[in-house]
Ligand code: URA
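Starting off, we have a lone chain in the form predicted alone, written out as structure tokens.
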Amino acid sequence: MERLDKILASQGVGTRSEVRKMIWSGKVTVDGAVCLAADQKLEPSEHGIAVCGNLICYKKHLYIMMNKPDGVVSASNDSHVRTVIDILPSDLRRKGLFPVGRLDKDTTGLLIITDDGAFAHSVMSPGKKVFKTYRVSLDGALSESGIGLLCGGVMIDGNEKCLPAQVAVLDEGNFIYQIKICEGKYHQVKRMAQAVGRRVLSLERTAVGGLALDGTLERGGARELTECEKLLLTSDS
């Protein structure tokens, strides 16, 4: 059971103070009857709650796929630069959303956004062994020994060992590789490349677990995940 004003605020209808004003002005109905009590407690999934005649489709949590563009940071808020939350379409914005893991400011591709902490942990915890797949453009070819080091668990910065990665050649002539890792160390792919004598020119995350980035989603676009897609996130990639 939750307060009516808290329920509406959680669904992105407005702030708690804005929602209370709506309730007090008679704009909110519960099961067809006007409700003027902001503190009325009810089970949202068992009642029809409407604002100005529009029924609220209650969702306890949101699960969003974004095709992250270059130039925005993977954070819930930042006073200096735009974040991935800032560029969400208005119908997907609500309090408590955060990115599941981080992509560097100049890294693009698949980013999951949610307000479900337990779900985020199940995707990003290294112990869960969920692989993240990247399309990596390098400044030159990886040597056989370099690939061997990455696949065996390369040492970065001389003192930090990575878990074994999976490496495949996508475009040998243009030095483009696919690299899969199941960790999320700071600048990890860039530091791994540096450890084997290469520099990352561009980096795109193309999949998490068994879920690939939706090819129809334009850069900067976002949409809700389906239930099947949520399951794919923690499946083998």
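Numbers for residues come from their place in the sequence shown, where the first is 1. None of these values were measured; they are calculated from a predicted model.
This next part talks about the form predicted together with this ligand, which is not shown.
Colleague: Though only this chain appears here, would residue 111 touch this ligand in the predicted complex if you measure heavy atom gaps against 4.5 Å?
Modeller: Outside the cut-off, so no.
Colleague: Any chance residue 190 has a heavy atom within 4.5 Å of this ligand in the predicted complex?
Modeller: Judged by the heavy-atom cut-off of 4.5 Å, residue 190 is in contact with this ligand in the predicted complex.
Colleague: Taking any heavy atom pair closer than or equal to 4.5 Å as contact, tell me whether residue 103 reaches this ligand in the predicted complex.
Modeller: Residue 103: contacts this ligand in the predicted complex.
Colleague: Can you work out whether residue 195 and this ligand are in contact in the predicted complex, taking contact to mean some heavy atom pair no more than 4.5 Å apart?
Modeller: No, residue 195 stays farther than 4.5 Å from this ligand in the predicted complex.
Colleague: To test your reading of this chain, name the stretch in 181-189, 28-36, 55-63, 164-172 whose heavy atoms come within 4.5 Å of this ligand in the predicted complex.
Modeller: Only one stretch qualifies here: 181-189.
Colleague: Heavy atom within 4.5 Å of this ligand in the predicted complex: which of 119, 98, 134, 131 fits that? Just give me the one.
Modeller: Going through each option in turn, the one that passes is 134.
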